[in-house]
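Form predicted on its own, single chain, as structure tokens, below.
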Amino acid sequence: MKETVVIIGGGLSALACAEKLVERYNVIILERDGVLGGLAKSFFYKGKWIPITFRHIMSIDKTTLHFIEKYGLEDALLWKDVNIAFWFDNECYPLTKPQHIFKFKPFGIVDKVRLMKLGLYCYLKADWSDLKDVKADEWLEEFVGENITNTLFNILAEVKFGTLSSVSIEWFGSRLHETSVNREKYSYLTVGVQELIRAISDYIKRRGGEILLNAEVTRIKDNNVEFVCNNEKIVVKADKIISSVPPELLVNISDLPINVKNELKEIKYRSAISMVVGSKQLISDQYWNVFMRPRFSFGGIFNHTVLYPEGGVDGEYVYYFFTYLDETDDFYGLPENEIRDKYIEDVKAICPNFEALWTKLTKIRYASPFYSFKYKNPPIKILNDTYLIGIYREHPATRTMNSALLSGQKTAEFILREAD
């Protein structure tokens, strides 16, 4: 008789893990939301599934591309050459290709040469593990000088994750390497990310796996997983438990030993606000826009229709406004309509006639793990019968669909090796 594996959460890491285990185990996925996907989920609007956050795929995302090919969706990949652009004093400067550096007005010739040197170094250096004990700000100041560090990288850090001094150059350098080797080549799954999620979940169900939506786990004790589904309390006895939820949530519902709980509590997350907007006005013809000076309520805007021209529902532009911040930030605590109004008010500084046709705003409490200085990945197995999956296990990789899928695969392979 097959052992029962309960997977808490229904994001990409959970689906990738279940897909590998379902032939050998009785797999049950418990997802508290009404749709699968976690941070990669979509909402349905006027006949189209639209992701709640920007969802590009890069050429280095080998695991994501493997799943897309496996489920016969490769013909739906639309590849485009796009730019990352930085805004200074309401002027837009693409900074993706080497030649863009020469047109980057915020820097003089000496700093432009230093920036080109950094770009080449990051392109060639794939492994940054030898610098895990060096802080990002200190290394950058030595390599490119204070002006570039303060004018570009410190502000970029504040937009995305906090301060440069709080992370290692191992992690930050790995991000720079990913950007330099990938450069302008991005793609989007034109049938929607939801179609990939549907394909994987259908595979799991066809092979006997069970997926329960609106199933919120409330307690784990002695391998009994208690959850509420459609107002009914249900208890499942699990032989193995796999958690794909943020560690803080697992700690709150589990009977893990206190030492394990304390280790998991050390893993912190940043929150985020993502607002999808449909509009007839063009804000920018660049895909990825980061606003450096002046600062706005949003850190950046993705023009989704640069990547996928048919991303709208009626020929409109589709934008993703995003802000990374702490849950305790006053802006995060504002009602959604006030955040929406502030975003639209601010964007009129660069696009005075901007009007929103429709919006969808999502607050994401656990948006991205904070890879603090000397961060260490927790182990896959934390007890004899309890395992972890999630992007917080993939340091120094960035938070992407690829790292989520990869984590799920790794844990599944670990469990299968144990069983052999």
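One-based numbering along the sequence shown. Owing to the predicted nature of the structure, the values given are computational and were not obtained by experimental measurement.
One more form of this protein exists, namely the form predicted in complex with a small molecule; it is left out here, but the text below deals with it.
Shown alone, this chain has one stretch from 139-147, 100-108, 241-249, 173-181 that lies within 4.5 Å of the small molecule in the model of the complex by heavy atoms: 241-249. Shown alone here, residue 30 lies within 4.5 Å of the small molecule in the model of the complex, counting heavy atoms only. Using a 4.5 angstroms threshold between heavy atoms, residue 217 counts as touching the small molecule in the model of the complex. Interface residue remark: residue 400 is counted as part of the site for the small molecule in the model of the complex, having a heavy atom within 4.5 Å.
The closest heavy atom approach of residue 359 to the small molecule in the model of the complex falls outside 4.5 Å. With the partner omitted here, the residue from 375, 54, 49, 354 that has a non-hydrogen atom within 4.5 angstroms of the small molecule in the model of the complex is 54.
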